[in-house]
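The chain that follows stands alone, in the form predicted on its own, written as structure tokens.
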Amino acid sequence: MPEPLTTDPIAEARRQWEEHGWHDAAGGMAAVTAIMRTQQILLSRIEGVLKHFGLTFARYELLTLLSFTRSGALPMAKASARLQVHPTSVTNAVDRLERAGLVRRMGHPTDGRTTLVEITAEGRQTVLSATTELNAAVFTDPGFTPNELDELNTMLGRYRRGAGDFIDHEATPGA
């Protein structure tokens, strides 16, 4: 982590925005910029833990997804959809994880056009160990109080739903 700054650069950017007459956009710019910077800080903490396992967060997410499935395998297209990433990103992650012996590709038993990605025993152990360390180092105390976490999850969930990230069937009448 670099040396902390003596002033908040986002607050200064907001001040500049307002000084330049962009009052209506200043709060939004500051919020978006703060969210982006917070994401960088959290990702740095996460990747600091995952480096020990030879994983990036994207590869960790794929291993976690596979570990949560009943069979330990998913079609690559379904993994892409659930992780909300482009299929090429899943292919690249699978390539790296396969070389590390953490997943393997296999043909679908009933659909010859579909490739499954399956977590290996070593992959299960790696993701379990990585999750234990992430829980201890980041997720148990990400830097927010329990109330702040609840508020943050509610706000961000509402934003993501409104942006079309997902459909909440429980909140949708008649769904």
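Residue positions are given as counts along the sequence shown, with the first one as 1. Predicted model, so just to flag it, every value in this text is computed and none were measured.
Another form exists, predicted in complex with another copy of the chain; not displayed. Remarks below refer to it.
J.: Please pick, from Thr115, Thr56, Thr120, Thr131, the one residue with any non-hydrogen atom lying within 4.5 angstroms of another copy of the chain in the model of the complex.
T.: Contact residue from the list: Thr131.
J.: Answer with yes or no whether Arg37 is in contact with another copy of the chain in the model of the complex, where contact means some heavy atom within 4.5 Å.
T.: Yes, Arg37 sits close enough to another copy of the chain in the model of the complex that at least one of its heavy atoms falls within 4.5 Å.
J.: Spell out, yes or no, whether the shortest heavy atom distance between Ser80 and another copy of the chain in the model of the complex is within 4.5 Å.
T.: Yes.
J.: Tell me, yes or no, whether Pro109 is in contact with another copy of the chain in the model of the complex, where a contact means a heavy atom of each within 4.5 Å.
T.: Because no heavy atom of Pro109 falls inside 4.5 Å of another copy of the chain in the model of the complex, the answer is no.
J.: Closest heavy atom of Thr88 to another copy of the chain in the model of the complex, within 4.5 Å or not?
T.: The answer is no: Thr88 has no heavy atom within 4.5 Å of another copy of the chain.
J.: At a 4.5 angstroms cut-off on non-hydrogen atoms, which residues of 123-151 are near another copy of the chain in the model of the complex? List them in order.
T.: Contacts from 123-151: Leu128, Thr131, Asn135, Phe139, Thr140, Pro142, Gly143, Phe144, Glu148, Leu149, Glu151.
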